[in-house]
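Only one chain comes next, encoded as structure tokens, the form predicted alone.
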């Protein structure tokens, strides 16, 4: 197992200098009595089942992620609802399967807000229970109402779906605009240099990765050849707003400090923090403290960086005296991918490491590695360390946390599995619907996985070396006996195919 050796003497004191003055406000009264557990969801981006060393199937070392697993419940059958980012995030926050919303697919950087402000959400539910709520990190659920003017407060925004405080990237690492948005306002924007964004055509005179590769410090492999920021070309075009554009190497520190500040200010009353890491999504640009530390190239290095961030955040919870009253959920929005648009040696340097572990597929795929992801729950002193085989989905966090917070259970796809999440039961879902590219779905019930027939490429069409799971024939796998989904049993077990197909269709047709 590869271990990184890094001297990290410059912790939060130096990191904080990267971040401008914080706009979080709150009460300081130390005498306030916490009556409900704080809730923190730490959400990685494109992190696979095998990328967390606690699962025992990869070569990376992730001691801080492992701490959550070893001091809490590690789920072996934890699922994101989708093998791509936007749909999974939508489901986690709304308790609704993404395929029920046509727009819940990977969004462009200028997309309007995906979640209707009138829709019930997890943060709104927790607000009603008396929680202070925040999201810090990647968002990718749209902002504004269309034709967004980034030079004034963007509305509606993440605050309008239940978050009291928001500090997010406008879209994704690899999409313009490359700016942070705090409570609807672009951070650091100067009025004499307005920000313009287009996903249709470039602005006159602005360099692009395609036309000006000599300006790049990281070459694109497919797509990602448009506007350049920080020596990296992205998807989409932008002009102006130079003072507001981020430096990728500092992004992890920027988000970490904001998450820590929220905890320090809100520690005296119940809080909910959705801390959404950007790693290991492309472009993978670690801080110099982590560059070259894993031997696996930038992908391995940014996972080490993310692990360190988690460790520093846990340390803050301990220092503020709230760790033992904080429920921590760690997971990923979908499975892993190596080459996802940039030449960063992810495939060349992966070595013996298996990002998806023993699972087949990866990001974008209907096979299990697309949606079966690391999922751990820690509550120091309340949850006994264990490994759970219960089938659970991120869509279930809404109902489960509603039960924990004493709120009415939602009427959506979310199931109350609070006992499974707290380690009081090994009973999870009987079945779950998972999603690959383009709202194509598959169905798991017990040990069986049914993948319906779909037209389309068997490999991700834009050059990613991952199987989609699409085929002209129905597929059936017993993943207890065949975890790698190598043996299609559909022709041998037609009665099982018919049984599962009926149950699956009934769920799809449920209003």
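The model shown is predicted, which means the values in this text are computed figures rather than measured ones. Residue numbers count along the first chain shown, from 1.
The same protein also has a form predicted in complex with a small molecule, omitted here; what follows describes it.
- Among 258, 266, 74, 138, the residue placing a heavy atom within 4.5 Å of the small molecule in the model of the complex is 138.
- Between the options 207, 311, 194, 223, the residue in contact with the small molecule in the model of the complex by a heavy atom within 4.5 angstroms is 223.
- Exactly one of the stretches 238-246, 80-88, 112-120, 324-332 approaches the small molecule in the model of the complex with heavy atoms within 4.5 Å, and it is 80-88.
- Looking at residue 364, you'd find a heavy atom of it within 4.5 angstroms of the small molecule in the model of the complex.
- The small molecule in the model of the complex comes within 4.5 Å of no heavy atom belonging to residue 251.
- Mapping the unseen interface onto this chain, residue 181 falls outside it, with no heavy atom inside 4.5 Å of the small molecule in the model of the complex.
- Taking the partner from elsewhere, residue 92 is found to have every heavy atom lying beyond 4.5 Å of the small molecule in the model of the complex.
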